[in-house]
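The chain below stands alone and is given as structure tokens, in the form predicted alone.
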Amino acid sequence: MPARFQSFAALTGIVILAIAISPAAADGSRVFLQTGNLTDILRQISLIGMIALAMTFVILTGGIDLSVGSILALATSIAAMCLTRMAPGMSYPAHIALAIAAAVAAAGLTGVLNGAVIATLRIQPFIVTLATMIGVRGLAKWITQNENIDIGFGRDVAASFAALFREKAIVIGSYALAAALFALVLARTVFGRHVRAIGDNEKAAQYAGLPIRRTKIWVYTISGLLSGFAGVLYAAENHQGNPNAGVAYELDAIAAVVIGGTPLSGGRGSIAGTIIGSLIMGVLTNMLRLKNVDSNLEMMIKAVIIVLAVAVQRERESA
């Protein structure tokens, strides 16, 4: 059975369990099935989900990106700083566009740096992105002087930005649009085929004359850009720029990719599988919180699921 179908079967099982154990509302309906709760799940997975989409491309090449959480923190800090500490004399829409562009550009440049070092100096992605994770987190704290930058709830440009970009329709719609775009890129473009080929056998890809260096740089650039946009949405949702945001987001994104059937060795996987993996994590979290399960136990359960997902992959590869 293909990996994404196994993941879909797992998602179906978790949804059925969530419905079965869901608390009842005052009208007797299942809380889990209420429209507000279901859209809350989609909203909650959207930020990690967007990062996981890009992480799929990274892992398909046989790489890893541990810096996405720190990049998100940098982007959310820059967006908040531009909105609250700059007065460029622009209209509100132009000022908001400038803040978003600055945050996403900084994140994208960090991704370019990751990709260039990995592809040019041939240093292991784990080492490069670990260094970036530490350095960029320090940069975010330095430019904010270790302080959160509050956006507020008034009628100024920052509050207008938060009111718009924290809407469920914007957050979920952004994730859905990104998922459709990246699924198309991976399945239907030459770039997608190059990504798979490099992860499947980089030496063979090199002999075939594929643009390995350029592909890797683009993959990590995309990871930075999506992490940056997730940081913009984080700033709007939380009404602040937080240099400590995004801690362990890289682990959640990697978990979603692996649970979705993409092996860490690269070469095989799909965007559909990653979406399913994100949904599994989101439904599981929601189910446990509706039952008031201790957050520490929640983390342990997630750890077991990740190990089981990898074990299933190994069994399938050896079969």
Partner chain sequence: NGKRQLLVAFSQANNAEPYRAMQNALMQKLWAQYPDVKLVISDAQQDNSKQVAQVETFIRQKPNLLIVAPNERAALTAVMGQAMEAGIPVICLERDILQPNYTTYVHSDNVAIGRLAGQFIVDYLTKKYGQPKGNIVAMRGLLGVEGEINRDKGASEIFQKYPQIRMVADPVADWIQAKAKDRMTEVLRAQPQIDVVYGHNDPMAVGAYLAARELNREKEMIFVGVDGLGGPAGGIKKVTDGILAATFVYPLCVDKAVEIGNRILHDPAFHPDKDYTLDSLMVTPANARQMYDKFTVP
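Residue numbers count along the first chain shown, from 1. Just so we're on the same page, rigid core means the largest C-alpha set that superposes within 1.5 Å between forms. Computed from a predicted structure; not experimentally measured.
Not on display, but discussed next: the form predicted in complex with its partner chain.
Undergrad: Give a yes or no on whether every one of D40, Q44 and L290 sits within 4.5 angstroms of its partner chain in the predicted complex by heavy atom.
TA: Each of the three qualifies.
Undergrad: Does G28 reach its partner chain in the predicted complex, with heavy atoms at most 4.5 Å apart?
TA: Looking in the predicted complex, residue contacts with its partner chain do not include G28, since no heavy atom lies within 4.5 Å.
Undergrad: Quick one: is S91 in contact with its partner chain in the predicted complex, heavy atoms, 4.5 Å cut-off?
TA: S91 lies outside the contact set for its partner chain.
Undergrad: Hey, in the predicted complex, does D150 get a heavy atom within 4.5 angstroms of its partner chain?
TA: D150: contacts its partner chain in the predicted complex.
Undergrad: Examine Y234 and determine whether its closest non-hydrogen atom to its partner chain in the predicted complex is within 4.5 angstroms.
TA: Flag for Y234 set to yes.
Undergrad: Tell me, which of S160, Q240, S174, T215 has a heavy atom within 4.5 angstroms of its partner chain in the predicted complex?
TA: Selected residue: Q240.
Undergrad: Counting only heavy atoms and a 4.5 Å cutoff, which of 163-171, 217-225, 93-101, 75-83 contacts its partner chain in the predicted complex?
TA: Careful reading of the contacts points to 163-171.
Undergrad: Only counting heavy atoms and a 4.5 Å limit, does any residue of 244-268 reach its partner chain in the predicted complex, and if so which ones?
TA: Residue within 4.5 Å: N244 only.
Undergrad: Has the Cα of I16 moved 2 Å or more between this form and the one not shown, judged after a core fit?
TA: No, shifts by less than 2 Å.
Undergrad: Rigid core superposed, CA of D27 - does it shift 2 Å or more between this form and the one not shown?
TA: No, because once the rigid core is superposed, the C-alpha of D27 moves less than 2 Å between this form and the one not shown.
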